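Here's a solo chain for you in structure tokens, the form predicted on its own.
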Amino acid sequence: MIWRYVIQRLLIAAVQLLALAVLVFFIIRLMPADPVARLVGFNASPEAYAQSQQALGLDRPLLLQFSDFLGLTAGQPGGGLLQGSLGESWESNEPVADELIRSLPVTLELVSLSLLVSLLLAIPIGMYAAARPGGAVDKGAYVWGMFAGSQPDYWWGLLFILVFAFTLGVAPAPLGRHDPLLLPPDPVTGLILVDSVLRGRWDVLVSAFGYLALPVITMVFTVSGAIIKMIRQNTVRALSSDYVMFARACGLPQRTVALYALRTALTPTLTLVAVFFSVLLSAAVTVERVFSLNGVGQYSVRAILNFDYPAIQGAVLAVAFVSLMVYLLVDILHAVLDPRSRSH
């Protein structure tokens, strides 16, 4: 049954997250960095240094710090990871979970829209190229993938800003997620497009689409080529398979045969999209920087530069959790498209 399959994957994901939490906790403490000196200054007195070290809990043995992190220490205020708490940021003194609730949806919205648009473009282009190998569309898709994917996304972002925002004036300047003169809707999901619809803020919705256009186009331009190539190759393989040739021999309509081939081609393509999703959650930091989007990438960079251990741990675990849920969704879709995968 599909539910047993889902429960099995969730249990595996929980074990992976716990193992990652252990690795992150100990690895970042092996870095040649002094977070206490970063906070109090390198010229602070020994008394101020010791006081700050005690306030951060870094004066305790490492295993006790790990116990605090997991929430195993009795009487610990706020609990720990096992109680659903990611601790407080050493830089802002805010709960890390609250900061991630504000930053993570920004990146999720950007990456999800980019991959959705990429997939909507890749399916018809890849299938058309597979149906006419060596044609103009096939050659154009190949050149597009090689050319766009060989250069950094932030460079394309800067180029698109120069052309569309400042030269042609058809796109807004990179000033965030929406017009700075508009008040954002009260957050429900953290996704500006969804919250605008839920709150009936159609002015913010239109503005958000305009401000997200260039960053989405930037990411689509750089990742869609690989997705098109994957769909094209898998469609070619599917069209030459025995069951498709048998379907043609039986006189089935061309549209039905194409749907059979697409179903086969989508299975490995979904895996590629899931990999792109996980990679872009972290790699989107350059695009966020160019377009002034305060997503989880920017949050992670600030946490690393400030030696903010709780924020680093929280960002890594949040990105890992989202990635594992995406892989779980892909596993479920694989099980639906190809029931043979359920036994793996």
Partner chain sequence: MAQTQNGSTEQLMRPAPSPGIGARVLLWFGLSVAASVVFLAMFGPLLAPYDPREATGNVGVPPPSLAEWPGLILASVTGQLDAHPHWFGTDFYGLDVFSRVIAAARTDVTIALGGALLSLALGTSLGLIAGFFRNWATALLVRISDVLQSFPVFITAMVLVALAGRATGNIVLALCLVYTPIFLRLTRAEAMTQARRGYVEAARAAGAGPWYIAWRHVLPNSMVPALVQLSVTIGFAIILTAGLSFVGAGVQPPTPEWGLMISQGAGDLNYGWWWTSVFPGLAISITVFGFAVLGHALEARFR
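Residue numbers count along the first chain shown, from 1. What you see is a predicted model, and the numbers here were worked out from it, not measured in a lab.
There is also a form predicted in complex with its partner chain; it is not shown, and the following applies to it.
Only one of 285, 56, 70, 40 comes within 4.5 Å of its partner chain in the predicted complex through a heavy atom, and that residue is 285. With the partner omitted here, the residue from 207, 271, 112, 85 that has a non-hydrogen atom within 4.5 angstroms of its partner chain in the predicted complex is 271.
Annotated contacts: 11, 100 and 187 are all free of its partner chain in the predicted complex [non-hydrogen atom within 4.5 angstroms]. Its partner chain in the predicted complex comes within 4.5 Å of no heavy atom belonging to residue 218. In the predicted complex, its partner chain lies farther than 4.5 Å from every heavy atom of residue 92. Although the partner is absent here, residue 199 lies well away from its partner chain in the predicted complex, with no heavy atom inside 4.5 Å.
In the predicted complex, its partner chain lies farther than 4.5 Å from every heavy atom of residue 49. Taking a 4.5 Å heavy atom cutoff to its partner chain in the predicted complex, the contacting residues in 223-240 are 229, 230, 232, 233, 234, 237.
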